[in-house]
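Next up: just one chain, as structure tokens, the form predicted alone.
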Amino acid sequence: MSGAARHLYVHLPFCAHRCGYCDFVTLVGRRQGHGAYVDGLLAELELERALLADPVETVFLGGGTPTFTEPAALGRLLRALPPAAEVTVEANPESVTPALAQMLREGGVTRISLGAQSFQPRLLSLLERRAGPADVRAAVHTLRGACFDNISLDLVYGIPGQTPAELARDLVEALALEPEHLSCYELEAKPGTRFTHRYGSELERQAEALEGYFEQVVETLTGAGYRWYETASFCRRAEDAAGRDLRARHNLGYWLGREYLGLGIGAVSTVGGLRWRNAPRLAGYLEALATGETPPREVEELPALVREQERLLLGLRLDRGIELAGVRGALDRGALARLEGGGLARISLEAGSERLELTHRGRFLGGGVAAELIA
């Protein structure tokens, strides 16, 4: 397994507040423990460093709210991580200050993923978000002032009571900030969250409108010149002023079935035919690493067929699809013929290699079409 993982994920679980719809591994507050947690992350990195390729291609700091992490601890972490061509940090708008932006730049961060979610105060209040529209705008301007030229905005649609007009205004507001990248997610409130308990019936009613919202997002953003390169992801086209490919390279690693290493509580790794998930309990994580032991985790083997099935499902999220040669064992040829006949999937030839991809219409049906193709 040595040197296989080109992508590194680092989980920073701390948040100022836990939103009602969130089911991620998060911890509220605990600023006095941020330094000890970074110690744990760096100890785990040393234990697993041999699994990383040299050089690493991408590093992604997710959460939680990574930018809520105590600045000295966050800066120390950034300085200790391996350099990479793309280093992304997730941020909530209210946490972005000029000092923080400068520290991120000096720490080698190249890309910021900013959690806007909406620009409508009513919807932000319902989502329990602390940042308002002015905070989002201020955060983008602050990051631009620190010379960040790769900013992604997250938006959510399907919020209870949201109207198509409100979604349209959100998209207009987001485009006005000229982000290099946009991620637009259907609101998914998991069972057991406060949000589902409170708004479950409204979410069920809203579900009927989600397909229309999805089409509205795609039509608006592609009409504005963005590339719909993945089911929920849009980027400026490569013909931007710098001629860059502005797709999220770290997430592309997941969608293309590449190997990756995850550090921190709740983090997942997939390397060498194995997948493991660190337990979410902070005390157990720190206790193990303080004694040089591997943190508690669940490990599963990934047979070759399972890996092919995952590559097929994830690869079909992309506009360019996936090379057919790598997924033949997972593919139902009869289903492919039916879907080709129905105008939902196709095989194309690129540089002598066959590629399987969904058509424009097939992409709106997404996971349902991809699932039919699994043998």
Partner chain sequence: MPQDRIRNFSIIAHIDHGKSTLADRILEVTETVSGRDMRAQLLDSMDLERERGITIKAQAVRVQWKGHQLNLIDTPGHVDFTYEVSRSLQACEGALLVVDAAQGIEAQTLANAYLAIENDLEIVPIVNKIDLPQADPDGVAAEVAELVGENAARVVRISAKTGEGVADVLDAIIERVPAPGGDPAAPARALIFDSSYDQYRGVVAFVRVVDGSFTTREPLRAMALGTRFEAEEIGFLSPTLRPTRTISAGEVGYVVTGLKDVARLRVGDTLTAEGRPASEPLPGYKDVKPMVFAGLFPTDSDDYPNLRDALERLKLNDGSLFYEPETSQALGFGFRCGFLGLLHMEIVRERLEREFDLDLLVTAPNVAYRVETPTGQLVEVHNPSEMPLEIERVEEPYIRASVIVPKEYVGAVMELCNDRRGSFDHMEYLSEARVLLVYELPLAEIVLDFYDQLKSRTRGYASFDYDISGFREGALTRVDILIAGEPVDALSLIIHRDGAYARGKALVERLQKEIPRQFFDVPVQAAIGSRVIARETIKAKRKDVLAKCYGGDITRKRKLLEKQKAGKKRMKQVGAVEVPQEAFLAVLNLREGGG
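Quick caveat, the model's predicted, so the values are computed rather than measured. Residue numbers count along the first chain shown, from 1.
Below, we refer to the form predicted together with its partner chain, which is not included among the displayed structures.
S.K.: Can you work out whether Ala371 and its partner chain are in contact in the predicted complex, taking contact to mean some heavy atom pair no more than 4.5 Å apart?
M.R.: Yes, Ala371 sits close enough to its partner chain in the predicted complex that at least one of its heavy atoms falls within 4.5 Å.
S.K.: How about Glu310 - does it come within 4.5 Å of its partner chain in the predicted complex, if we only consider non-hydrogen atoms?
M.R.: Taking the distances in the predicted complex, the answer for Glu310 is yes, it comes within 4.5 Å of its partner chain.
S.K.: Report whether the minimum heavy atom distance between Val268 and its partner chain in the predicted complex is within 4.5 Å.
M.R.: Yes - in the predicted complex, heavy atoms of Val268 and its partner chain come within 4.5 Å of each other.
S.K.: Find out whether any non-hydrogen atom of Val306 is located within 4.5 angstroms of its partner chain in the predicted complex, and reply yes or no.
M.R.: The answer is yes: Val306 has a heavy atom within 4.5 Å of its partner chain.
S.K.: Could you tell me which of 96-104, 279-287, 227-235, 137-145 sits within 4.5 Å of its partner chain in the predicted complex, going by non-hydrogen atoms?
M.R.: Selected stretch: 227-235.
S.K.: Identify which of Leu45, Ile322, Leu52, Leu339 has a heavy atom within 4.5 Å of its partner chain in the predicted complex; exactly one of them does.
M.R.: None of the other options qualify; the answer is Leu339.
S.K.: Going by heavy atoms, what in 255-284 lies within 4.5 angstroms of its partner chain in the predicted complex?
M.R.: If the 4.5 Å heavy-atom criterion is applied to its partner chain in the predicted complex, 255-284 yields Trp255, Tyr260, Val268, Arg275, Arg277.
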